[in-house]
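Given as structure tokens, the chain that follows is alone and in the form predicted alone.
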Amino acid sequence: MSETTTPIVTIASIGQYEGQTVTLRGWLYNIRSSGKLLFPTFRDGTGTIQGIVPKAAVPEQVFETLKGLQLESSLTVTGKVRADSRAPSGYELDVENVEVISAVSAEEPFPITLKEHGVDFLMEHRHLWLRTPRQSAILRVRASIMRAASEFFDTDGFIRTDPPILTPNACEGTSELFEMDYFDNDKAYLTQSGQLYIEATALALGKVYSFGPTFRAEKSKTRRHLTEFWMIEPEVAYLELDGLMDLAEGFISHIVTRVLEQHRADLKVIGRDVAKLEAIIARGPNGERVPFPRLAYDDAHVMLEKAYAEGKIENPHKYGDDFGSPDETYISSQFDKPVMVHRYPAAIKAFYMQPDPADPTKALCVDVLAPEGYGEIIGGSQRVDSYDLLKQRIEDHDLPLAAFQWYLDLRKYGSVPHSGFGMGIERAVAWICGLDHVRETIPFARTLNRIYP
């Protein structure tokens, strides 16, 4: 690669160099021509920018090189930055020189073009589909969501404590776990949650969180499910349900705020209506924070009964059942902020959830439903802190008591009320980006029918 005296910049930062000659390192995303004018579009991972190449203004070799170049060829481009309000980025590049790093063969052109492709084709070529502006924008937003999630806890005294990925037992039974052989004929499972382990670290450190991959062998084909996804899970000693809901509300607000601060251009590329995100963090008339709505399970059931009677939903909700996707969609559609549905029937919830002292048939739990029909993005609860009750719940759920002895120890030695929640990153990305399917939220989706590439 030849040396250059011009500054090497990124497309994202190019506005700082208006009127200057700069060098970009990237790829040819698209090119069109109009007589003696070429309009190449370059990408570099931070964004895209259109170049202008008049035949009379550049050496013939530069013009002919660009004209014959295949899409996704890698190159360095030197040119002068010019403001243009009509350009998507607000700037264009008057190209002066190009240097091809690796030319794509005309006999084997880049398989993904600007025409419509089917989902199967795009997923089969996911390693290349990632290069398109929309997919790249989604991944940039994903990275900021993950960074903001960690930032929220890191700056509030939480300690990150990573649980094991290989576990000897499950949080909620083994029917939906990937089983593998371990040493000496033992069985191990890929984790479905780090919760039980970070309960232990919370009772050691006070406020903790884990952040890592989790796995579910659930044979689901819905647009909300992956078999491998990333989960962030805080756990706090001496925290009860109301405090947990406050924590979840602050957490979501922080993430949305950061995305709006940093990614308005990416959200525009994705096609997201940012007004709906702005409503999440909208302040009251005096600048006060407007809390997220909180709805007891019983009240949510009444809401669904009324909606069914008025013909607004097709199927009635049976009291005592969990909410299905259509139920969650309707409930969340009644609010412009995430809604916190709490105190579900204990019978349909996990064994470790604390019963409500006011009504032991209810669990001190909460699901946070995202607006616009995106369903549950956070699930959490206050945990059972009584040794005897937890032991009884484990037995009632036909779980192996010996496997949970260490978990019971947490209630034997200095037990306290404690609470936590989990948020799947991919569901949060789908909601914040306004995506139709969770498969676009992660670089390489793992689903019931896909493990390639």
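Predicted, not measured: the structure shown is a model, and the values here were computed from it. Residue numbers here begin at 1 and follow the sequence given.
Not pictured, yet referred to below: the form predicted in complex with the RNA.
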TODO: Verify the flagged residues Thr6, Thr10 and Asp246 against the RNA in the predicted bound form: is each one within 4.5 Å by a non-hydrogen atom?
DONE: no
Open item on the list: So, Ser333 and the RNA: in the predicted bound form, are they within 4.5 Å at any heavy atom pair?
Closed with: no
TODO: Find out whether any non-hydrogen atom of Asp266 is located within 4.5 angstroms of the RNA in the predicted bound form, and reply yes or no.
DONE: no
TODO: Could you confirm whether Ser33 comes within 4.5 Å of the RNA in the predicted bound form, counting heavy atoms only?
DONE: yes
Task: Contact of Leu389 with the RNA in the predicted bound form (heavy atom, 4.5 Å) - done: no
Open item on the list: Looking at Met340, Ala137, Ile378, Leu277 here, can you tell me which has any non-hydrogen atom within 4.5 angstroms of the RNA in the predicted bound form?
Closed with: Ile378
Task: Listed residue (Ser325, Ser150, Thr161, Asn97) with a non-hydrogen atom within 4.5 angstroms of the RNA in the predicted bound form - done: Ser325
TODO: Sort through 127-135, 205-213, 84-92, 357-365 and report the only stretch with a non-hydrogen atom within 4.5 Å of the RNA in the predicted bound form.
DONE: 84-92
- [ ] Sequence order please: the residues of 426-440 with a heavy atom within 4.5 Å of the RNA in the predicted bound form.
- [x] Arg427, His437, Arg439
